[in-house]
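Only one chain is shown below, in structure tokens, and it's the form predicted alone.
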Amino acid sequence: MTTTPRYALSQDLFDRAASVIPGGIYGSKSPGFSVPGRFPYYFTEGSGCRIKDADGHEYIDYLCGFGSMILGFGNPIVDDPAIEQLRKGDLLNQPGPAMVELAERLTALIDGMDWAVFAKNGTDATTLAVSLSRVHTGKPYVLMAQGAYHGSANWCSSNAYPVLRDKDEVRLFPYGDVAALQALFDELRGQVAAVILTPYHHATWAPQQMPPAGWHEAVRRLCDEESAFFIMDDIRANFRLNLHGSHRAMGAKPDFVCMGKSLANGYPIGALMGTEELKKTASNFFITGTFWTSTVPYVASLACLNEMERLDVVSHVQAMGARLKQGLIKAGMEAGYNISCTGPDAIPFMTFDDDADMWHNQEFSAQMATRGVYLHPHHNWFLSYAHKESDIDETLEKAAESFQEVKKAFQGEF
């Protein structure tokens, strides 16, 4: 792997890690998921919308802890009550009152949801939704869109080495294709437990897709006809599209809603919410995890929800995202590139047209990293309340420089 002076400490840490940790850094944080040797591997601190790597370089951050940070790193409105609770105790054998308060808050806030249970990760929530769907219906099959990410459990993982039969009972369809989904229902008549979707399609290594007209209505109809459940995996998008759930923004009516990430501004929590119909099944299901009832994330979530509502964070992140997308398109055109900025304004992703292998994306993001802006080349980006117009404008100035460097790197290719 290439060593660069800019990331010397990151590289040294990675070399040490590789001897004691499989892969050095595993999963979505792996260096191979960005651009090996041209991105930092380790970060040490964050404040607002800026982070510092192990080598001391600062970045305007557009990954936001893979979407978990929505108010800003080190936000005292969230951190102060969380730290106060931590000093009193976090994992106290039984849940604290904040668990009840958070469930009450969410069921009052999120459209159509009557109950809530909590875990630690998005995978916990989506897997629990799938399990409850199978138990309640007595049917095995779950349908999901090709390229969708719903976590790292075997049933939904993109792992190249599936070892459990569970994955055989997940069938794929092209996102937004009603006829293909109808065909799967027809083929598996009487065997479909659920359809799981994200509010819009954000496959990795690809432009994002917004739902076509009538899509969610068709999914609802097909589920009703089959007595199957509609699971909305809102973990990545939650609270950047609508405070009452992304399904409200998209006109969808799911039976389950999975949330997490920005719910607590970075504190570890996953949430599954459901309709009254499913409450008895959930009550009889063994839902547990050693750390699932720790109190600090509940306290952080309550503070985060209150602050998001007070500040109208949804409007802000959408405005900042629109400013970023428009500026990038303009800067790209001035450099001679046609680029696309897809997805909701608050959760954008940029790709170069006619660059299916995304080599230009990798070069552009690497150039931006060198200039102190952290943009992931393969994963969608996120805006937060901490991003202000001055941060966007600084980003766009550096983007103009980076587009020129991409031209040099691929001279004569277009």
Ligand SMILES: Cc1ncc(COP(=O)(O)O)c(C=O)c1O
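Predicted model only: the values in this text are computed from it and were never measured. Start at 1 and count along the sequence shown; that's the residue number.
Below, we turn to the form predicted together with the named molecule, even though it does not appear here.
Enquirer: Of these, 208, 85, 123, 294, which has a heavy atom no more than 4.5 Å from the named molecule in the predicted complex?
Expert: Residue within 4.5 Å of the partner: 123.
Enquirer: By the heavy atom within 4.5 Å rule, which residue out of 246, 198, 301, 133 makes contact with the named molecule in the predicted complex?
Expert: Of 246, 198, 301, 133, the residue with a heavy atom within 4.5 Å of the named molecule in the predicted complex is 198.
Enquirer: Would residue 337 show up as a contact with the named molecule in the predicted complex if we use heavy atoms at 4.5 Å?
Expert: Result no; residue 337 lies far from the named molecule in the predicted complex.
Enquirer: In the predicted complex, does residue 255 have a heavy atom within 4.5 Å of the named molecule?
Expert: Residue 255: no, not in contact with the named molecule in the predicted complex.
Enquirer: State yes or no: in the predicted complex, is some non-hydrogen atom of residue 261 no more than 4.5 angstroms from a non-hydrogen atom of the named molecule?
Expert: Answer yes; at least one heavy atom of residue 261 falls within 4.5 Å of the named molecule in the predicted complex.
Enquirer: Classify residue 240 as contacting or not contacting the named molecule in the predicted complex by the rule of any non-hydrogen atom within 4.5 angstroms, answering yes or no.
Expert: Outside the cut-off, so no.
Enquirer: Looking at 305-313, 273-281, 148-156, 247-255, which stretch has residues with any non-hydrogen atom within 4.5 Å of the named molecule in the predicted complex?
Expert: Result of the contact check: 148-156.
Enquirer: Quick one: which residues from 199-226 get a non-hydrogen atom within 4.5 Å of the named molecule in the predicted complex?
Expert: Only 202 sits within 4.5 Å of the partner.
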